[in-house]
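What follows is one chain in structure tokens, specifically the form predicted alone.
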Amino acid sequence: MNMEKFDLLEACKDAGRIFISGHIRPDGDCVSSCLAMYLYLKKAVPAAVVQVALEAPSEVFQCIKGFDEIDSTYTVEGAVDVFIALDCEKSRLGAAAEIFDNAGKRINIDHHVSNERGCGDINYVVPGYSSTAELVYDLFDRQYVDAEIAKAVYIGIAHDTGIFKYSNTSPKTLRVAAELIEYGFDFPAVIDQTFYEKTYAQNQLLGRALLESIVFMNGNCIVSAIDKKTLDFYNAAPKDLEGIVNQLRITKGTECAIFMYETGNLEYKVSLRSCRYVDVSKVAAFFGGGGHVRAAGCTVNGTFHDVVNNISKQIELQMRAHEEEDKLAVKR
């Protein structure tokens, strides 16, 4: 793992075409860090053709400049001299993975603990950071940063820290946020637009998820699921389910929240959140997923009950270990 900062402009100085992409089902940090990088390199390396490609992101991020220039077809005209993979490693690049393989130079910038070594020729992978957006900002020459770039970075940090509430929020993160808002964008408005505002259908789905949720493991866990039939009824996409797991997480007395939605026959996309001591990245990694200590995800096969039983078993192992640690601490 390379935790050393590098000279981004030096790495891109001779590039004729720079391609930027992130993980499948892009979240706020992924979209924001990709667009921040896109806006920055268009200013700092004007001689290069800069492209940004992602699976179609949620429309809540339309407030970020460059959103309409995201290519979701992954069309490349000519050789890619530099590929910048953000907020993931190669296996999560989806349709961009082949472009990544054929690029002249590959740069990987990420903060996920599950990305152990990085996947590029140049790797800036630091799991202790709040977000990839914060890592990206570390690499920016401030003379090229403007209010639009600062806004994109701020949104990315805010989304991956739960608006500065999660344990990955460091004093440095808050100092960076303070520096960003000095650029003068309307920071309360972008939080409302990208975090809180929901369509009527999204609120209905949230309501159903809460009404049909189940508390188990002596109140330590809460789970809810939405099947494909319900998604089809509301004409909903995965992006319409964002925020549900976070709402489940703040249920009083629970340590872990599990939200899952059906993606295929006996297949569920699972989002995990924890409050204090369960490392959900380890739970997700057991099923081939990944993420952060307090926020992670994976795809699991089986019926609803199969998935809940298998995931809760991994959660229970950590809870028992935590109980043993508490007993030893009392004895000391």
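Keep in mind that what you see is a predicted model, and the values were worked out from it rather than measured. For every residue, the number given is its place in the sequence shown, counted from 1.
Beyond what is shown, the protein has a form predicted in complex with a small molecule; the following relates to that form.
Checking A53, V307, C298, L41 for any heavy atom within 4.5 Å of the small molecule in the model of the complex turns up a single hit: C298.
Among R106, H159, R249, H112, the residue placing a heavy atom within 4.5 Å of the small molecule in the model of the complex is H112. Heavy atoms within 4.5 Å of the small molecule in the model of the complex are found in exactly one of 61-69, 266-274, 44-52, 31-39, that being 266-274. The closest heavy atom approach of P57 to the small molecule in the model of the complex falls outside 4.5 Å.
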